[in-house]
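Given next, in structure tokens, is a single chain: the form predicted on its own.
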Amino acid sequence: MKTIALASGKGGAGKTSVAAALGAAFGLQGINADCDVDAANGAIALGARIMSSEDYWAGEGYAINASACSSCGACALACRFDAIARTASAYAIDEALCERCGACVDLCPSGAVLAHDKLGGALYVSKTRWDSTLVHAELVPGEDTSGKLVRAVRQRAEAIAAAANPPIEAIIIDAPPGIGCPVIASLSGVDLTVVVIEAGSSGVRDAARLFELLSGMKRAAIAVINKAGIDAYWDAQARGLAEAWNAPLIAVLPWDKRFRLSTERGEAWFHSPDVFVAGQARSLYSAVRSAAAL
């Protein structure tokens, strides 16, 4: 079994559409893991229906016991994030602003600040419209433990794959865009990374940062150029970027409304009745299988 990650330097490059196409191509021999927990939309692309869900607990949060609060204000003075404010009867913590540094706990003279388990999101196991498995999650807005939730998504996908009969060929990871901690958690230990480069100014520049990250992580990468044909200069820049980082270019997908229409119909490209769109998806799938030695 191989782990294949789809990554992009920026949002909107088409990474999720490519991940969905590969998931549809692998079918029951693959598992999709949507690790873009801040903005998970793999379930939409794959027409998924939720089969099970569980709460994700993000660690300790803090709350003030109003009956024990002396209203001295020491907690509010200590909070660097302006997350504590006076109410009618006592002080209270705004969880959306709280960074959980614990200064309020240390400085409260009456012990009114209490720790509690903080709900950070939810983890789901779903079935796609082709009955393959999708593991995905949603992070509570503002929660800062996305790297931990990414790891939970990967662990669940790996456990399902290990127990599958017949065996699973590949786990297809839809990584978050960019180069932050959730991206590192998504790409750590994968067998192959497919970098989706949007053929444009920001797409090329942000992809360059991603290639630099992958080089530091010593991760093998191949490249797909998406939205090609708008500007010949940026098409050439995208090709040059892949070549500079020794990432074999396996597909150049044109800016063509037929891809969008296929996505809107929920076909994940691979199952499109449009011969052009389906052909592009099949070529992409074959090239990824070859690069991953499947």
Partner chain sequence: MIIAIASGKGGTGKTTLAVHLAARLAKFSDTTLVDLDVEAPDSDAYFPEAQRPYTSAAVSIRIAEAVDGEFADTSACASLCRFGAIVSIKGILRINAGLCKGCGRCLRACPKGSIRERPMVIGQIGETRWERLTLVRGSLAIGDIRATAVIDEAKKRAASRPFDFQIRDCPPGATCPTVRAAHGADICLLVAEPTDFSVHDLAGALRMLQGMGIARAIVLNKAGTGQADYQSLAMRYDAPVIAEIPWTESLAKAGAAGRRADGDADLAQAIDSIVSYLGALS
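Numbering follows the first chain given and starts at 1. What you see is a predicted model, and the numbers here were worked out from it, not measured in a lab.
The same protein has a further form, the form predicted in complex with the partner chain, not shown here; the description that follows concerns it.
The partner is absent here; in the predicted bound form, the one residue of 112, 161, 92, 103 having a heavy atom within 4.5 Å of the partner chain is 103. Scanning 188, 155, 202, 71 against the partner chain in the predicted bound form with a 4.5 Å heavy atom cut-off leaves one residue, 202. Residues placing heavy atoms within 4.5 Å of the partner chain in the predicted bound form fall in a single listed stretch, namely 140-148, out of 162-170, 188-196, 84-92, 140-148. Taken together, the three residues 56, 118 and 243 all stay farther than 4.5 Å from the partner chain in the predicted bound form, as judged by their closest heavy atom. Contact annotation for residue 251: none of its heavy atoms lies within 4.5 Å of the partner chain in the predicted bound form. Within this chain, residue 263 lines the site of the partner chain in the predicted bound form, having a heavy atom no more than 4.5 Å away. Although the partner is absent here, residue 40 lies within 4.5 Å of the partner chain in the predicted bound form, judged by heavy atoms. Taking non-hydrogen atoms only, residue 28 never approaches the partner chain to within 4.5 angstroms in the predicted bound form.
In the predicted bound form, the residues of 230-261 lying within 4.5 Å of the partner chain by at least one heavy atom are, in order, 230, 231, 234, 255, 260.
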